[in-house]
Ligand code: NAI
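In the block that follows, a single chain appears as structure tokens, in the form predicted alone.
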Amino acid sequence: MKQYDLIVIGGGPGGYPGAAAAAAKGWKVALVEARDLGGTCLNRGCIPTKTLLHTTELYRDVQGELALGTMEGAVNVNPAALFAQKVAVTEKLRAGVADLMKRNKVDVLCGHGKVLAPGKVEVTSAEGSEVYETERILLAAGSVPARIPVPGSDLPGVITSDELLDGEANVPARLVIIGGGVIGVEIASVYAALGTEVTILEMLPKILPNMDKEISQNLTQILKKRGIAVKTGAALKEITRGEGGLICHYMVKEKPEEVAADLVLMATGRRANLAGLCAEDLGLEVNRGIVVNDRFETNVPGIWAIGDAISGSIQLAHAATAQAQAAVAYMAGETPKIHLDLVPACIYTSPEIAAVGLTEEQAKEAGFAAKAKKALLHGNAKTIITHQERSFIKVVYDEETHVVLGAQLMAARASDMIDEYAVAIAQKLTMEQMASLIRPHPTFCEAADDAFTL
């Protein structure tokens, strides 16, 4: 029986960095993955979505230039080639993960990992099962799409993001997206650019319910301007099949409404992937995910858990990576040097959205004398040059100390700019200190000059 210092179950953005971090300490490490290295993020989530968004946003930009007369000729998107490019990108990155494991001398075990007992992991594949012994176990099993349990949710043509992004090109004439969260608005942006008639049904009063209210309002207006129907306060009741395709029946303010579709995407969040992960008699504590303490230890000695699989998960790839690295540090008796409480959130619409730290409302609830300073980007040179819409930067700070508490950006390259604000929060820098920096011109990031100036 093979002996390991650490076995990691799950080869996604939490699992493989955790395996690499442990191997760097000289530990003998195995990584168990039932499907493809890279997990959902690389194969059926973040990376495929961003590949599709890159081309469709470029196409939208070209259409804007054609309308201005600065370009001429006919330009169209080739969906088959676009989805083939999605596959090529994921394959290249997946090969990079495999090479990283090889260079770090991590054994990659292909199969379904199951914890039989502390220190014992069974790996089952088409070739059979084998049991491995280990001193430590890290559960990084990720998450799977959740479906609303309404009648008709299992009809052909009702799919999740896994099926949409794992498959070949499918550009329906009409697409209804159930859920106005991150997945919903990003997929809506892709398919609207491809010419699909898109409708978003969101049960809550606004899309992106966890984001700043102003961001939600602005994005709603932008999506509607691009021909996307956004229905908020819309509770899905049933999906039926009629002569015209799938029919989504929903309620808005107790009034029944319906919308027809050729394809329905369930984008209603994700849940921890715990099926078959542990033996029933293991006694692992679960509450909508694996329960862990602040050191990522489960209630079973020798077993840690991170990422989407844990209770209260942030469900972001970079959060899982940071948690895995921290968990390995704790296993080694070290203190992690990473700010686990500061996790930037990014949404890759156009313009992009990014946030870190506290909103003004959250800061006030936490007891701060919070204020927000907003800088509009309608006068920013790069914003004008690139024809961006409704862009702004909002910085939340303590009115007494002027220390930066949070930031919400809705601007081109927001995902690249958010780091500056995270550093400010982590280092407890003041608005004046951030305003004192020289930023290059012309850039999107120079809008921070106005955002930090009181």
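Remember, it's a predicted structure, so these values are computed and weren't measured experimentally. Position 1 is the first residue in the sequence shown; the rest follow in order.
Form predicted together with the ligand: not shown, discussed below.
In summary, among the residues C110, V87, L155, A235, the only one with a non-hydrogen atom within 4.5 Å of the ligand in the model of the complex is A235. Between the options Q325, T220, N273, Q315, the residue in contact with the ligand in the model of the complex by a heavy atom within 4.5 angstroms is Q315.
The ligand in the model of the complex is approached by Y348, whose closest heavy atom lies within 4.5 angstroms of it.
Contact check for L340: no non-hydrogen atom falls within 4.5 Å of the ligand in the model of the complex.
Using a 4.5 Å cutoff between non-hydrogen atoms, G184 counts as a contact of the ligand in the model of the complex. The ligand is not shown here, but in the model of the complex it comes within 4.5 Å of a heavy atom of I148. Just one listed stretch, out of 220 to 228, 129 to 137, 174 to 182, 380 to 388, contacts the ligand in the model of the complex at the 4.5 Å heavy atom level, and that stretch is 174 to 182. Taking the ligand as positioned in the model of the complex, the residues of 201 to 239 that bring a heavy atom within 4.5 Å of it are, in sequence order, L201, E202, M203, L204, P209, A234, A235, L236.
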